[in-house]
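One chain comes next, on its own, written out as structure tokens in the form predicted alone.
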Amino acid sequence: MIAQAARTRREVLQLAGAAAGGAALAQLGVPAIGTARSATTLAALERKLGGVLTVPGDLSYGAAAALWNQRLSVAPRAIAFCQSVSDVQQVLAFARGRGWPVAARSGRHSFEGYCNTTGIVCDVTALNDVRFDRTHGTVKVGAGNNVQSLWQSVVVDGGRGIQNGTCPTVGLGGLVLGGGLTGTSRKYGALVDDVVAVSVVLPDGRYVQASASRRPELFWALRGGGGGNFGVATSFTIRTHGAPLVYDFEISYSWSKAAEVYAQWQALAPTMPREMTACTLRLSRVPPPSGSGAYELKVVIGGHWMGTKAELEDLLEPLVAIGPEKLPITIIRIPYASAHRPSGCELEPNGSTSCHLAGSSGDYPNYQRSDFFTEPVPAAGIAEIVSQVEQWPGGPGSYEGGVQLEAFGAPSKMNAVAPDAMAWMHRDSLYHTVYLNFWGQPESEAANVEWVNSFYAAMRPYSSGQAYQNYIDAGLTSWRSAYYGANWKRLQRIKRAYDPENLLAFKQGVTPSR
């Protein structure tokens, strides 16, 4: 907590910084901060919090407001780092009384920065407890956990399998509420398929639990209805799984085989049994390691298999027959914790873990878009994909551009659930595609944004029109149908029931129906 003398300094600094965000706030219909009284009320809020409140002018504010995507910058009036459910309730009460918009934040990974707001940010990263219920095979995890901490606590230390992401700093709050594509989704479905309860602070301040038997409509909406739409989630109770040894495989090809590999992969991967928990195809263009010279074009298939090695080799034989660049194919049997480790993290032979995040994609500005494909892409479309990857502009200090495809298909658990069983409706895809785009210098932004938009436009004749709400995309005009399909109207009715004043508001947020 800040001493009273420091608090007075804060009030002065707050007043000095208020004008910078005034125009943007006015566009939202929110009164501008500019009086000693408003500064005092923020100070009063801070006195009620167990956590820290930071505002413009504080030395900590820049780091507190920073987003994972360096392309974006959103300046909140205040950021509250909540230590408890009570803190969350205090923040919501404060915002409700002043008409400020609230953003719930756990990992700062919103592709469009919607985890920040020009109002007040309710940051729950400190709510990161992990409690096992071995009897029921579940774990209750705070919404402030991220992919790395979930892997460490549940998989490495707890010895249980759990659906999880790959980017270590992604917050659980966003990952779960937006559906959750994971490295085991072919076997277990979306992450929300394993969620059995959500604890949430509602906009009116009530702290409730939503499950199949308690507030089932809210529970329906929270499973795929997007982060920060219906309340501030504080914890999730999630079903866990066994953690068997897993076969990890990788096949690399020369670029000349790219079109053939794509065609064969999309014919085979979505038809594989669920024991093929993940099978991805990545086509990318990357700068040379030295920073000078020709860019490299890569084609890589990788995944995990929970069966025998002989079965895996039979399934992969048509892909190996294409003629990988590196023979033999790499197949190794590894612990579950190694197979499903976050990027940059390693499970050491002695059981300890290490994570090295420097140089990851989080060090780069980016603009990425997504598609679900429900039909195979024909030869003309594949040729367009190959050509587009070859044209990625990159630029000085860039990281990577291309596509990553994640197989689902009819045999997968993902597609075995009805699209209206919960808000997550993406239940008919062959595969999901993300258009990767990480550049370096600010002067490269325009060319890279133009590239991904051109690539995305070229795929319109072939894609389903669905998009992954966790890869939220401000460029989508049809985002309601792309994210939620026929479930949109029901989501609006639930929003009206739980947030009629739209306190939790953002550009692509669910709005109350009229």
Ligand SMILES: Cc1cc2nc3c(=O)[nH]c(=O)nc-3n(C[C@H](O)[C@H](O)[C@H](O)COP(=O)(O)OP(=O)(O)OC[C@H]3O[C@@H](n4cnc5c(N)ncnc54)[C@H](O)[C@@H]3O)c2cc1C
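On a predicted model such as this, the values are computed, not experimentally measured, just so you know. Residues carry their position along the shown sequence, with the first being 1.
Quick note: we don't show the form predicted in complex with the named molecule, though the next part is all about it.
Contact check for residue 91: no non-hydrogen atom falls within 4.5 Å of the named molecule in the predicted complex. Residue contact check for residue 399: none of its heavy atoms lie within 4.5 Å of the named molecule in the predicted complex. Using a 4.5 angstroms threshold between heavy atoms, residue 170 counts as touching the named molecule in the predicted complex. For the chain shown alone, residue 181 is a contact residue for the named molecule in the predicted complex, at least one non-hydrogen atom being within 4.5 angstroms.
The stretch from 114-122, 261-269, 409-417, 383-391 that comes within 4.5 Å of the named molecule in the predicted complex, counting heavy atoms only, is 114-122. For the three marked residues, 110, 228 and 233, a heavy atom of each sits within 4.5 Å of the named molecule in the predicted complex. For the options 82, 301, 339, 175, the residue carrying a heavy atom within 4.5 angstroms of the named molecule in the predicted complex is 175.
This chain appears without its partner; in the predicted complex, the one residue of 192, 143, 276, 423 with a heavy atom within 4.5 Å of the named molecule is 143. Residues of 135-166 that come within 4.5 Å of the named molecule in the predicted complex, judged by any heavy atom, are 143, 165, 166 in sequence order.
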